[in-house]
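Take a look at this one chain, the form predicted alone, written out in structure tokens.
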């Protein structure tokens, strides 16, 4: 982790634990989209542009005891604390569904998304719920040492060819820990099955409990689909 900015831990969760996470993810996807509850974002299919897909769900821990227990009080937080050397608090929770035809994400560092407003560093755990492969858009990573800082401007994806990203395929239960300066990306899902991955981001408690402020700021600029003005314009940047 100190050398490359990320750590891959195989079989972090057992099969029964992953089955539970998968079931909970399905429950969230099927639940009614209600203002004031978990946030659901959709996207147009890359292969069928008129077909709408669930892209990701965020801010669900306050409304789901099971996820909250695993994320806020389980081994993920303890490992994050050991890796960054201090008590951690939850900053952000999301599930990327990457449905068949779902788009990828351009190369970026998480810190580019205005996160320096809140804290100088974060650590994210990506939990593989489904198998991730180059064909379904697995995470692609490039090593990056913390002291090297941002590689580009805030709110702008990294320039093409700036970093040499390598695919990191995973099996259900594997976890990838990476800090907020590690460049990463993913390609679209060209298979016929979803590629669900849980992303949990923590910050050092010494920097404060920043979660409420982060989601308030995000709501003002990029609210969940259920709360959007039909005449408004919303652009995802990083």
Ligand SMILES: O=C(O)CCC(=O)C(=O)O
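Numbering follows the first chain given and starts at 1. Treat the numbers as computed from the prediction; the structure is a model and nothing was measured.
The discussion below concerns the form predicted together with this ligand, not included here.
Contact annotation for the candidate site: 211, 224 and 237 all lie away from this ligand in the predicted bound form (no heavy atom within 4.5 Å). Of the candidate stretches 59-67, 192-200, 40-48, 26-34, only 192-200 has residues whose heavy atoms lie within 4.5 Å of this ligand in the predicted bound form. Using a 4.5 angstroms threshold between heavy atoms, residue 130 stays clear of this ligand in the predicted bound form. Interface residue remark: residue 125 is not counted as part of the site for this ligand in the predicted bound form, having no heavy atom within 4.5 Å. Contact between residue 139 and this ligand in the predicted bound form is found at the 4.5 Å heavy atom cutoff. Of the heavy atoms in residue 144, none are within 4.5 Å of this ligand in the predicted bound form. Interface residues of 94-128, taken as those with a heavy atom within 4.5 Å of this ligand in the predicted bound form (partner not displayed): 94, 96, 98, 105, 108, 110, in sequence order.
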